[in-house]
Structures are given as structure tokens and as C-alpha cells.
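Listed next as C-alpha cells is one chain, alone, in the form predicted alone.
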């Protein structure tokens, strides 16, 4: 599957490949290089390097391109959840927060800032009790900050947290940053 996707992306003449999740960007920019070094051809390795150089996570790309500010009036108390892949593998830290702040969102600090949601692919399957405890810690901190919404850039994190919040009966909304930016842009146009 990686090789098929690599070939499709490598055949594109687009200057930038923008992906909606830090885990996807990490796979392409970091782990494909390792994968194709171990199990690829010289052509695979060459294409993986070229594709990696053109691949950006959504918020990273928007922030670098100087996306216009949305003079939004969204004052929803919000906690931004930093995904592990974006933070630790890609070094994407404040870019999503700057974009979120541009919407007028009432972004609140949290005691669990930078902590893992506990999903981690097979981690949540192999160690479900630990995974649940990690998600609970992030959710407790969001509620403690008075948040009504959790925004993130990695759908896997948002699904993990939303699933756990539903099971606990927490009244929190979960949104991808792209959804919040789109809503702010739509409201600004109105």
C-alpha cells in the first residue's frame, strides 16, 4: 500500500502535498524513508525522499503560507490537543494554535498540554487500561480548563478522545482544526 501511494504522489507535479493529519505527514516524511530503506528499491528510496520534501501537515502548510486571519466571533471555550506525531516527530508546535487563535476562539491552557491521548495505533489495543487512563487525563484537564470543545489536527486522537468522552458521558465537542477554520471563514464571509 505504501509503494502504491508513493508512486501516486511521486507522479504528481504539485509543489506541495498537504495532508490532514500529523500521523499521515509523519508516515510520509519520516517512516517511509525507513521503510523503503529496509524493503525498497533505489527508485523507492529516491521517490520517498522527493515526496517527503514536498509533504506538509495541514496546519504547518497554512501557517507557513501566511493564511489570512479570520475575524471570527467563535468564543467557544476550547482546548487544543497536540498530537504526538506532530509534536515529537515533526516539531509542529505552535502553528495550529496560531491558526486557531486567528478565529477568535477562547483557547484555554490545559494541565495536560502536550500529553498523549493514549491511542498510538496498536498501543490502545495492547494496553487498553493504560490507553483509557491517558485519555481520561487529557479529558479531565480539558474539563478542568472549562473547555466545551477539543480541537486537534489528528483524527485518530480526536476519535480516541471523543469515544472515551462519550463513554464517560462528558459533554465535549470534538473538531479538526480544518472544520473550525472553515466555519470561521464561512462566518466571516456572511
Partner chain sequence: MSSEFLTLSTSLRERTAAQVSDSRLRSNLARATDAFADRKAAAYAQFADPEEVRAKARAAKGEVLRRLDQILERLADRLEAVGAQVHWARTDEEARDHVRRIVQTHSAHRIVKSKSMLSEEIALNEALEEIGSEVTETDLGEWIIQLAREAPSHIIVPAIHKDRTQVRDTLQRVAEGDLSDVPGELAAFARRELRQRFLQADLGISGVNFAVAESGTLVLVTNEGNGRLATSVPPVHVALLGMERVVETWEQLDLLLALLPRAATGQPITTYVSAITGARRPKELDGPRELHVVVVDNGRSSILGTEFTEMLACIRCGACLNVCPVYRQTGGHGYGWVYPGPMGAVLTPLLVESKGAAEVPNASSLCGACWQACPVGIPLQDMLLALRRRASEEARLGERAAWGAWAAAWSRPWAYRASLRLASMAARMFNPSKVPGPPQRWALGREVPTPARHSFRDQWRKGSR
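Positions refer to the first chain, counted from 1. Just so we're clear, the structure is a prediction, and the values are computed from it rather than from any experiment.
Below, we refer to the form predicted in complex with its partner chain, which is not included among the displayed structures.
Think of it this way: in the predicted bound form, its partner chain has a heavy atom of just one of 101, 89, 74, 113 within 4.5 Å, and the residue is 89. Within this chain, residue 124 lines the site of its partner chain in the predicted bound form, having a heavy atom no more than 4.5 Å away. Though the partner is left out of this view, residue 42 does not reach within 4.5 Å of its partner chain in the predicted bound form, counting heavy atoms only. Under a 4.5 angstroms non-hydrogen atom cutoff, its partner chain in the predicted bound form has residue 179 among its neighbouring residues. Using a 4.5 angstroms threshold between heavy atoms, residue 50 stays clear of its partner chain in the predicted bound form. Looking at 116-151, the residues that come within 4.5 Å of its partner chain in the predicted bound form, counting any heavy atom, are 116, 119, 120, 122, 123, 124, 125, 126, 127, 128, 129, 130, 131, 132, 133, 134, 137.
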